[in-house]
Structures are given as C-alpha cells and as structure tokens.
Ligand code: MLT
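Just the one chain here, laid out as structure tokens, in the form predicted alone.
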C-alpha cells in the first residue's frame, strides 16, 4: 500500500499567498462591480525591458534554424550567462566568484526550497521571524521542523530569531546553535536592510560555530544606501560559510519568465564534503536547465541598454514605495521599509490582528495586502504592502487607505 510523506500533513492550512488568492477570488465573485487593487503578492507589473524582449526574439529565431537550435542546457547553465553574472554581480564588486560556482535555475523560490535537500535531516535551522514562508515550509516537508504549536504558531525544532521594531527588524544571534541560518536582506517581508559590518558579524559567527548561511539576495537591486552590501561575498570569510540565492524576478521582471541562480563557492564544506559538488549532483539529477531563450534574456540584463532600462524600472517601483511610505505616515500609521526594498511594513491600526486588517482593507476599500502573521508569529499585528503596482493604482490605493479614518 502506498503511503504519503506525513510531514506534508503537518503543514497548517494552505500556502499564505494561496489563502490570499482564495479570499480575494471569493470577494470578487460576490462583488463583481468592485475594482480591487492588489498590493499583496510581490509580483511585478511593468513589462519586460526592450533589451530583454529583443534578446528573447533573437533567441526564438535561433531555435527555428538547424544550425543554431539548442536542446538541453548545460547542468550549471550556459557559460555566456554564468560569465555575465560572475563579472557584473560579483567581480565588479570585488567578490571573487567564478562562473563555475554559479548554478542557473528557474528562480530563487525553487532554489530556496530545494537547497535544504543537501543537508542532513536532523539539521537545526534558524530563521528570522517574520520570514518568507518557503524557508520554513520546505524544511517542514523534509521532516526537519518538528511539531507545530498552533497556539504559538511555531515549530518545535526551528530556531526563531525575532525581528522587531526594537532591534530594527534585524535578527540577533540565537541562543541555540544552528546548523543552517536563513538570512534575507534586503528583507522580505519587512523591507529592512543590514550594514556590511552587521553582515560581517554573521559571517564571523557562522564560521566560528560551523553553520552554513543561506543568503537570499533577491532584492539587492533595490538597495539605495551606500553602506548596505549587495552580496554576502563582500564580507571576508563568506566563501567558507555562505550560499547565496539570486533572482531575475524582481530586478528584471522575470516573474512570468522564470530565471535565477545559486552561488556555492568551492571552499564551502560540511566536514570534508564539498557542498558545491553535492548541489551539482542534485542539480544534474533533478533539473534539465532553464530554457535557452530565457538564459539569453538573462544575459541581456547585463548589457548596457539592459542595465539602464532596468535601473529606470527599479526607480519606478521605488517611487511607488516612497509614495506608500509617506502617504501612510502622514495619517499616523507606523511604517518602515521602502528605502532599500520594494516593501512597506506597517503596524495594523487600533489593535487589529493582521488578518482583521486584511479583511478591513479588502471589504471596505478593496485593497489587498499581506497579513504579517503569515510570515511568522512576530509578524502578527503587522502588514506588508508592495510597491510593484502601477503608479496610478498605488496612488489610488493609498488614498483609499487614508480614507478609512481608523
């Protein structure tokens, strides 16, 4: 008789954004006349940049000719893309990352969920709280998280590192010693960032205790302040303790195209075992590579035209972030984020829970955001809004929220 992986049965409810989608869909079905503005899921709205579209068209034309047709991609990704990544994202910032330490994939979400497979089942993980749900959920599925306490909304074998207003939404070193440490900066959901000195402290800590940092840098393109690192490899010693995840979704609008990559330096080991070789084995066994046309589009991100066009696109979204931040602050909301990340993190008013505020916004002013409790227990009473809408919808959404007079 076949049996299911019972760890899946431990997961409470559905995935956060699936729940949001269901609630919005149900409301829309009963109120079809209402215009709903979505500032919840972090999906981009601006079209792909011209340089990227041109590269896609050119690559599609190549696929129509026998002499330029491409089949399976190389395990790590095409060399032209990995070279462009290494040169522009790392070597240009003084980070000694080689092309063969870069693994191209279909996105950072997939890699952030799959990377745990190369570690032992009894590894202890440490996560920021609140945190992107995939980090914890993927470890639950692997049987690594222990049992769920519904009253406290925590897992028994997960080490939570509270990120609160008091510590600037930046984690402090945990009391227990972890094996794996998940860090995301600029942060989703809080929009917080940490300085290079703070990140160096985490690198030193990980090297001292023998932990591996899984560093999600999906939002590095939105950094505006000089002292904020774009990569963990800007820190001394990171090559022996850190894996970095990157995405083309938020910096280049590839949410519907799908492309990302993971960096694993060859010096990074667990005991005597190279994590680079383990991930290469996993990658080659379970993945056939991102499409050729998509990797050519990724290469165009690093062209001079691509860089200029994407810089303008990032500025567009960050203008939205400033509008949300300033507009809500003007009417008394407690807000943060929006400086180095496209997320605004706000306190729900009048003692509301995060889901009560979600329902209030949806039903009274038809605006969708993300309840903070969906990111962990310390996200309760907070709420996330994204800057990825159009400017016109962003302005209208802020005016609607301001009209609530809560």
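From a predicted model like this one, the values you see are computed outputs, not experimental measurements. Residue numbers count along the first chain shown, from 1.
Same protein, other form: the form predicted together with the named molecule, not shown, and the subject of what follows.
By the criterion of a heavy atom within 4.5 Å, residue 276 is excluded from the residues contacting the named molecule in the model of the complex. A residue is said to contact a partner when one of its heavy atoms sits within 4.5 Å of a partner heavy atom; residue 17 meets this definition for the named molecule in the model of the complex. Although the partner is absent here, residue 139 is not a contact residue: none of its heavy atoms lies within 4.5 angstroms of the named molecule in the model of the complex. Using a 4.5 angstroms limit between non-hydrogen atoms, residue 41 touches the named molecule in the model of the complex. Of the listed positions (109, 239, 124, 296), a single one reaches within 4.5 angstroms of the named molecule by any non-hydrogen atom in the model of the complex, namely 109. With the partner omitted from this view, the residue of 144, 246, 82, 250 that lies near the named molecule in the model of the complex is 250 [heavy atom within 4.5 Å]. Contact with the named molecule in the model of the complex, defined as any heavy atom within 4.5 Å, is confined among 344-352, 62-70, 23-31, 41-49 to 41-49. The candidate site formed by 90, 230 and 261 is entirely out of contact with the named molecule in the model of the complex, as no residue has a non-hydrogen atom within 4.5 angstroms of it. Residues of 259-277 are not found to place any heavy atom within 4.5 Å of the named molecule in the model of the complex.
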